[in-house]
Ligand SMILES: NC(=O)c1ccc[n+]([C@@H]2O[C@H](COP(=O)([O-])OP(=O)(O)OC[C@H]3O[C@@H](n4cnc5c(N)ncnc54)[C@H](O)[C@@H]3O)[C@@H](O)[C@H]2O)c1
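Below you'll find only one chain, the form predicted alone, shown as structure tokens.
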Amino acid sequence: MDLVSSSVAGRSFPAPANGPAADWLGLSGRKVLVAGAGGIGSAVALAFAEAGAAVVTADRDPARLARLGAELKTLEADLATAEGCEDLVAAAAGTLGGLDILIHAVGINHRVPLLDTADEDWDAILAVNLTSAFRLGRAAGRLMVAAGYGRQVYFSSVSGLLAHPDHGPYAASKGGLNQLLRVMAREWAASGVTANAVAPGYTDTDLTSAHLNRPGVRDHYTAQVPAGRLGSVADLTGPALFLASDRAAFITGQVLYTDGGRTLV
């Protein structure tokens, strides 16, 4: 059956009969900054590009950026400082001619009990996972609020809700991120800017591979997922595209758990 255009509250949502589903999301031509070129960031950047968006991907690791290929615009960036975050947003907006969408896919973890957590590890994890989100979101938010349009999507984690052992600073950073984006959403909603998160469960990524490959660990985590498997980065691109799309214009301040049911048990 052919899809047809619809209109709700005066807004038109065209749906081409023979076009790709990405057209339905209204992402073609959108200007996107993806911060982080790890497994999740790279997959999301490529998904936006396939949807017709103009994408800049940023990371401090040039090798990660090189793996994206020459067809995607990339920027080396150090997000450990306020200046680095401000400069990245300015550079991305200059390259793209504006900024519609910010994706924050930056994160580190160090799995040790709280009693063994060093101050420098706490500081580093909070700085990378939470402070960079605040600084990038603030810089992008200024542009988006002024433009009257914007989408910000952050990669959180089920650890922001569940009490996993050996995840103290990581869990604190993700719980803080969840609350930070709620305040962003509250303050910017009237300006047409949304802020949401995708919260993966146990997922095969650069960040988790070494831990998951330890004897028995993968089976242990898989047994806790009702879907019977761990997540993949491909499971996360659809939720990110949706939350960044025109279809999600009335969704803000939400954490979308993309976890195969892990948070249900």
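Worth saying up front: this structure is predicted, and the values here are computed from it rather than measured. Each residue number is its position in the shown sequence, starting from 1.
Below, we refer to the form predicted together with this ligand, which is not included among the displayed structures.
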Could you tell me which stretch in 89-97, 140-148, 188-196, 106-114 has residues with non-hydrogen atoms within 4.5 Å of this ligand in the predicted bound form?
106-114
4.5 Å heavy atom contact, residue 64 to this ligand in the predicted bound form
yes
With the partner left out of view, is residue 239 within 4.5 angstroms of this ligand in the predicted bound form by any non-hydrogen atom?
no
Heavy atom of residue 51 within 4.5 Å of this ligand in the predicted bound form
no
Partner proximity in the predicted bound form: residue 32 to this ligand, non-hydrogen atom cutoff 4.5 Å:
no
Taking this ligand in the predicted bound form and a 4.5 Å non-hydrogen atom cutoff, the residues of 64-103 making contact are 64, 77, 78, 79, 80
